[in-house]
Structures are given as structure tokens and as C-alpha cells.
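In C-alpha cells, one chain follows: the form predicted on its own.
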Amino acid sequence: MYSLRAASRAVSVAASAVKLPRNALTNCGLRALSSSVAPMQPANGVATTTTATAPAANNGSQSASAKVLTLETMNPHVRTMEYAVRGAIPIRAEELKAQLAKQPGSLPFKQITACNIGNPQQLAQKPITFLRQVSALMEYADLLSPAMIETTRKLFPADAIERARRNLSFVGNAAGAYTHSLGVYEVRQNVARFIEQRDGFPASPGHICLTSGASGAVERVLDMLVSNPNVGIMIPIPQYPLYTATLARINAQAVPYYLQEEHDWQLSMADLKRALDEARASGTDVRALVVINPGNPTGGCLLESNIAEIVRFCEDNHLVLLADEVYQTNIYTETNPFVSFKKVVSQLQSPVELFSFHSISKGMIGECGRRGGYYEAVNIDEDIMAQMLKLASVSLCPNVQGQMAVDIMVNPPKPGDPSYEQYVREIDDIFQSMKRRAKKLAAAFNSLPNMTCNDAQGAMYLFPRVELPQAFIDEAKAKGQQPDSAYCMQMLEATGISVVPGSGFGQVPGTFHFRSTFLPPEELFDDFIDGFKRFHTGLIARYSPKI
């Protein structure tokens, strides 16, 4: 198992490769802003970058027994890359989980509560029955054979049987075979219909590409955008670490702009302009703007008026717009309903180039491990679309079960179908439970000393702000640790709750946050909250000045 010691070693080598102190990669609140880079602090407190010296090449003088591939000789862009959601704290959580399995009762908690990642089924969210029925029938198609169909009809509803037969026909009755590199055409047709029904504007299956999760789609688009190390991509702070990690891997520049915590994490047009002007003035070739809506890690949801401003901003400043919309069905407020960027671009008749992303991993479907998603390309040059097809062809095709789960997400059972009522009930039960848990956890955070938290308007996360005592901050820094990382690691060691420090997402310098999902099972939620409260109040009491 990859150990915490190995992770620490990787960070040490990354720091030495760019001639930095061991903890400097996270000091500015942005992780891995570009490939081999050395952060410098300008007036606004956000890192800029300079190229670092790569490790010396193997000149053949090393001994025959020495390893060829080492941390020193590997691709430096991968070495510099970090992904906080699966970083040191989750690695330590796995070690503690293994300890509990071998030595029950050896720790002050009974289990690891993995709130570090939006992985609903890991925390006992029930899969959607219709999706699993169709998947089962496709995986073991003999159940649809004449010899077995009568038995199958006793176990599966008629619409699940019909959907499995239909979907198998899309792939030549071979669910294990390759499909078209862009994904099954009939599934892309259903995605296009879904988008048209959602937005009221046309969509074309030829401009839709199915992918193995939305992350793969984002990486593919960024690969297309970045042609040299001077290319910059605007990303929100806080942001999902996929973006900084990918930009590090492909040796590009992250151009950060700050969301407004005091205004429910809305996007400030003034800060967008500041970030763009500063980057372009420094010589960065800024080509695109990333927006995550609903927000990860913030849980904020943009107003339609704000979305229109963003579209006009991209149009006026010649930027490609990347809209990460994987949480579009996770909306818990009536004041900020989800509105897609595609809809606003269409309403404004804007020529802005847009890629939008969706996934089966989130929402109420929650099928993270099946790796299904898609992107839609709007106003993209046809020559680029041909290049996107070529890029997709290198990976042959997205996995078939992920594609079929996308099909069910965008084309669920209809009124009158045998599975309709159960499907709607299961979706609504999950949604209402998430909504209750989001409110309950936010209220718990806001009831504690030294902590404030905006309500989750959407997504699966809360991003509370923690006012850490100065004594704690000083102690952490003396140990070479980020204060919020030290706080989260102590939380894990004391309670078994695994969360992600705010420095993994980026935050305003001098502030401290962490991201927690609200996915633990509802029947265990009170215990989860009580354990966190005991930890937090105890830490604040220990490190606060005694009166």
C-alpha cells in the first residue's frame, strides 16, 4: 500500500526539484500551479511561476543495480502534480482502516468516515434499482435468451428487460466490445434530447462525446487548449484539484480568481478582470475560463444574471468557457436554481466557445466507479472537432457500462413504465435526505466556536471557515505543516473522519477551511456530528489563551 511516508518523500523531492523548502508547494494555497515551478509572492498573495531546473539525466554511470525510474528521473510535471482529495490525509485514513481491521478497538473510533470525496455509495447510498437491473441484464445477456426469459420475467420488470435488449442492440449484442470512440451514437442522441428538454435549445449528437467520467472529458479539453507552457487557464479559488493537477501535468499556467465567500461564493466580475489583466500583463497567454457550477468545494450556485455576465466576459476577452456542471441536479435552494451555460449562451446568441461537462458520478445516480460522463461542444471549430475525435480515438472508447448508465441518467423511465414510480421514489428519497443532511451539517458547523459556514445551495459539500488559534498555527508552522492540514490530520486521528484541508483547493491567504461531504448515512449522522464537535471544541479550548 502507498504509505504516508512515501507521499511525504514525493513532496520532498518535488520541493527539492524546484529548489523550495519542503512545505512551500502548499504555502500559497494553490497546489501545483504549473509543472516544475517555484512560487513567488506578488502583492495579491497568489503564486506566479518560474521554470525550475530538471534533475540530471542518467548518463550511464550509475551502477547496474540502480533503478532507472526514480523520483529524480521521472517526468517532473507528474512529480510536481498534487491531488489533495486523495492526498496525505486519505492515505493515512487507509492505514488506520487497515489497523482497525487487524486490531479492532485499538483506536478511539470504530470506523473511518470518508468525507474527503464525493463517493456516495462508499457511504451506503443505495444504487438506483432500474440502472442496476439493466446493467445486470446486459452483463449476463443469457438471461434474455429464449431458454431463460420466462424466469427472467419473474425477476425483472418488463421495461428493464426491454431497455437491456435495446441497449445491447446498440453494441451488436456485445457489451464487452469496443464502441465508437465518441460513444454509442444512440446514447449521444439521448444526451442531445436531454439537453434540448433541459434548456429549450437544439443540441447535436455530433457535438457530444461520451467519456469515462467528467474528469477524463476535462483533461481532454485542457490537452487541446494548451500548446505551450505559457498558456494560462483561469480557475476559481477555491477549486476542484483536478484542474491544478492537470495543468501541472501538461505544463501550463493556472490563473486564479477568487470566489466571494461573503456573498455565498458568487463570482466577482471585478476579480475576474483583475486576474485576467494581471496575467496578460505578465505575458501569460490566457485562453480559457473554468467555472464550476454548482461549486466544488463551496456548494454555491451561480445566479443566471451572473452566468450571463461571465458569458459576455468570455466573449469580450476572447476566452473559451469550460463549464463543469456535474452537480446540476444537486440543488437545495429555490433562490438559485441551476441554469446551464449552454442555455445562457443560446439565449444571448453568443459566439463564445463552450465546453460543458456532466457525469453519472454525482446527482442522485452516484455511480462513481462506473466512470460515465460526457461533454458538449458549442461554437467549436469543426477542424477542432475532428482533432477531438482523433484524441478520443487514442483511448479507443469510453467503457460501455458507463455509457449505458449515462443513457439511463438522461433517459430514465417515463410515466406509465413499470419502473417509473420506483425510480422517481428512489431519486426523491436520496435528494430529500441529502437536503436534510446539508442543512443539518451546516447548522452544526455554525453552532461551534471559531467556525462559520455558508449553507450548501448545491453539490455535495460544505466548505466551513475555521478561525484557528494563533498557538495552533504557530505550532503547525514550526513543524513545517500547513495549519489547516494539521487540523484535518488531527481530526482524522481523533475521530476517524477524513476531510480535505482548504489549502488543497486554494483559499484567500490567511484563511483556513476544510471540505466535508454530507454523505454519511442519515441514521449515523448524529454520531458523525457529535464526534466532530468534540474534536473541534477540544482543540479550540486547548490552544486558546487561558483567561
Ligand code: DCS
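Just count from 1 along the sequence shown to find any residue number. All values reported here derive from a predicted model rather than from experimental measurement.
The form predicted in complex with the ligand is left out here; the points below concern that form.
> Report the stretch among 388 to 396, 69 to 77, 289 to 297, 155 to 163 that approaches the ligand in the predicted complex to within 4.5 Å, counting heavy atoms only.
Among the candidates, contact is made by 289 to 297.
> Could you confirm whether residue 362 comes within 4.5 Å of the ligand in the predicted complex, counting heavy atoms only?
Output for residue 362 is yes: heavy atoms within 4.5 Å of the ligand.
> Could you tell me if residue 118 has a non-hydrogen atom within 4.5 Å of the ligand in the predicted complex?
Residue 118: yes, in contact with the ligand in the predicted complex.
> Check whether residue 250 has any heavy atom within 4.5 Å of a heavy atom of the ligand in the predicted complex, and answer yes or no.
Contact with the ligand, no.
> Residue 213 versus the ligand, in the predicted complex: is there a non-hydrogen atom within 4.5 Å?
Result yes; residue 213 sits at the interface with the ligand in the predicted complex.
> Pick from 257, 130, 341, 240: which has a non-hydrogen atom within 4.5 Å of the ligand in the predicted complex?
Only one listed residue qualifies here, and that residue is 240.
> Scan 207, 92, 371, 465 and let me know which has any heavy atom within 4.5 Å of the ligand in the predicted complex.
Partner contact (heavy atom, 4.5 Å) among the options: 371.
> Where, within 489 to 515, is there a heavy atom within 4.5 Å of the ligand in the predicted complex? Residue list please.
Going through 489 to 515 in order - heavy atoms within 4.5 Å of the ligand in the predicted complex - there is one hit, 515.
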